[in-house]
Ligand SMILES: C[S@@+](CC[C@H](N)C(=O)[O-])C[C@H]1O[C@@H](n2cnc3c(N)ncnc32)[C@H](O)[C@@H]1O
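The chain below stands alone and is given as structure tokens, in the form predicted on its own.
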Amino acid sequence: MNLSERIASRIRREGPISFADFQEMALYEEPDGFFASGGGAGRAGRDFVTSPEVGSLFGMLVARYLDKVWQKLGAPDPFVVVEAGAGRGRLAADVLRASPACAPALRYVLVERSARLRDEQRERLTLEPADEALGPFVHGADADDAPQSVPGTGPIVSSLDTVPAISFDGVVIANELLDNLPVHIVERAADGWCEVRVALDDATFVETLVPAPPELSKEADHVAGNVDAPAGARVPVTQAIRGWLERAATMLRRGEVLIVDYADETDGLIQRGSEWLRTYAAHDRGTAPLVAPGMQDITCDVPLGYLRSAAARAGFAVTSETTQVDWLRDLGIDELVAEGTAIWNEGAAKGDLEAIAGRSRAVEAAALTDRSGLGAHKVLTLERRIA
């Protein structure tokens, strides 16, 4: 059976399923879910462009951010960076190419569910076994001494299909990840919340409304916050974000979570109808979300109020909240563009690769700071400290 047939078979067995279950299968089920089959970020032959795919400038600035956190933590060695939803490894490759000061201490772990995308990571990165990136390297002088990692041996890069079950000092990166986590959809009724589920009409996937279960209604109230949602208004309930943050909290002993994503306040989501739920395929908007599962990305703007609430419940403090434009400027994007222009001016006559790369920084910066596009992304840093 193909993916549509498997989803239909499940609905016939179980009855209407949540939109979150539909999205989970459409995006991630092996072998023909959208990401499982190799869809996603990139240029030619791909479906949409994320900030790392614009060029190497974004990775250079993320490297600067990592150095700031590393210094703030007292330059720990090892310094672990876990990139969730790492895709083809483009961001990791650019971070390493920038030669950050933390590199000798760096253990960079790419987490990617898609086996196909993990295979593509090897085209641009030298990957080591996970136990070398995360585990001890040598035993102490005495047999009873705990194993110790060897300092100054980074960067070491590894790849996993799920977040590692360790505790570390470092950073967890979620760049355009949360918008792809499965989302429940609820609609306000006169007497509470209804859940939008996916049913079958012959062989066609259709929406149906059912009373929302108590736990989902409770989370919907967290999304709504102080906003009085009118009857008929729909909001996304991203319970998977709460679970993801709780897992991040179990990993992160000291350090930060960096979140970069499409996001909006609840009143903005309500005003936009259902525009916060979109599909993409082949660098264009896709069809309706219930059409052609596995053939298009399904993405949902992150409800900011719920994200803040979920972060607090997981034990994080929101230490910074801004736009991608301002975050990149604080990290020195204008300085890097000016440096690139100088490199181009000095090497233009030769036309060497370094000069061409320098010239491209201005083009990349324009895309990364476009307030009608990538520049409008919200950037949040969450801090966790355990004494």
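The first residue of the shown sequence is 1; numbering continues from there. Since the structure is predicted, the reported quantities are computational estimates derived from the model, not experimental observations.
One more form of this protein exists, namely the form predicted in complex with this ligand; it is left out here, but the text below deals with it.
S.K.: At the 4.5 Å heavy atom threshold, is D330 in contact with this ligand in the predicted complex?
M.R.: Looking in the predicted complex, residue contacts with this ligand do not include D330, since no heavy atom lies within 4.5 Å.
S.K.: Test of understanding: in the predicted complex, would C102 fall inside 4.5 Å of this ligand by heavy atoms?
M.R.: No.
S.K.: Just to confirm, A86 within 4.5 Å of this ligand in the predicted complex by heavy atoms?
M.R.: Heavy-atom contact with this ligand at 4.5 Å: present for A86.
S.K.: Just to confirm, W344 within 4.5 Å of this ligand in the predicted complex by heavy atoms?
M.R.: Although this ligand is absent here, W344 would stay clear of it in the predicted complex, with no heavy atoms inside 4.5 Å.
S.K.: Hey, with this ligand in the predicted complex, do F22, T238 and T279 all fall inside the 4.5 Å heavy atom range?
M.R.: Contact check failed for every one of F22, T238 and T279.
S.K.: Partner absent here, but in the predicted complex, which of 110 to 118, 72 to 80, 309 to 317, 214 to 222 has residues with a heavy atom within 4.5 Å of this ligand?
M.R.: Selected range: 110 to 118.
S.K.: Among E256, E195, D94, E176, which has at least one heavy atom within 4.5 Å of this ligand in the predicted complex?
M.R.: By the 4.5 Å criterion, the partner-contacting residue is E176.
S.K.: Name the residue from A133, L252, L181, A229 that puts a heavy atom within 4.5 Å of this ligand in the predicted complex.
M.R.: The option sitting close enough to the partner is L181.
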